[in-house]
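A single chain, nothing else alongside it, follows as structure tokens in the form predicted on its own.
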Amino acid sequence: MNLIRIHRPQLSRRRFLQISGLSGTSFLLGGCGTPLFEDVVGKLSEPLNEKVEAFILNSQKPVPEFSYNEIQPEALIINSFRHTPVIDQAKYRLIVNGEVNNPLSLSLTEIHSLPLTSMIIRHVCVEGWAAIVQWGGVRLQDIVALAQPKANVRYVYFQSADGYYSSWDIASSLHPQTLLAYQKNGESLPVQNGAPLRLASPIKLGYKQSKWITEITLVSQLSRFRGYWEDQGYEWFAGL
């Protein structure tokens, strides 16, 4: 059984870097936990990182999905940043703010009333494991559209109830398979996996898929704080 159905571009990331003279992923793509010359090279290479990876990603192209019988219910490992937060779902509000014309404060009832999208994709962790999971929820692009972002928005910050934070580029955030998920394998999302709301997407590594999301902020510029793991040297773009 072939577990990986994701079709890569004919020009692989490694080959692209080689022929472009940008070989050495520890320089261009950052690496995991060991930033090279982080104060200088990181700042210089990050705009190039983003452009190169966005080029390879083709940010609006759907990723081929898996069949229902390929779901791996036990393979999704539960990773916790600090602790599993206690969230009163009756009082929960998703805040959407920043450089927008229509700031939002959405209840779960309002979120669940939006069109439901379901997808079966491969969740890939930077630690080396993966799991095929069915996620269901609302497309992030629908939430962003409701907030009416200003024309100069380029990035999206995600804040979680446990203090975790991360940021994405706007193109990846608007990918048709980037979800704010509240279902897992056809059932309500378990708290351990990020309920009431988490990111799920086939185009980013697992540490970019924040759990227990409480606030989404759209901005034109990133601050010096770009994400919990990213600020410790993990690759910022983290595209698949």
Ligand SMILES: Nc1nc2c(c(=O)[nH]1)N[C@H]1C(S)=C(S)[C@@H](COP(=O)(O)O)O[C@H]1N2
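One-based numbering along the sequence shown. What you see is a predicted model, and the numbers here were worked out from it, not measured in a lab.
Another form exists, predicted in complex with this ligand; not displayed. Remarks below refer to it.
None of Thr117, Gln134, Gln141, Ser160 but one reaches within 4.5 angstroms of this ligand in the model of the complex through a heavy atom, and that residue is Ser160. Proximity to this ligand in the model of the complex, defined as a heavy atom within 4.5 Å, singles out one entry of Leu146, Ile170, Ile71, Ile77, which is Ile77. By the 4.5 Å heavy atom rule, the three marked residues Asn193, Arg198 and Trp212 all count as contacting this ligand in the model of the complex. For Pro202, no non-hydrogen atom is located within 4.5 Å of this ligand in the model of the complex, even though that partner is not displayed. His123 belongs to the set of residues with a heavy atom inside 4.5 Å of this ligand in the model of the complex. Heavy atoms of Tyr155 never reach within 4.5 Å of this ligand in the model of the complex, leaving it off the interface. Contact check for Tyr92: no non-hydrogen atom falls within 4.5 Å of this ligand in the model of the complex. Of the stretches 95-103, 108-116, 161-169, 146-154, only 161-169 has residues with a heavy atom within 4.5 Å of this ligand in the model of the complex.
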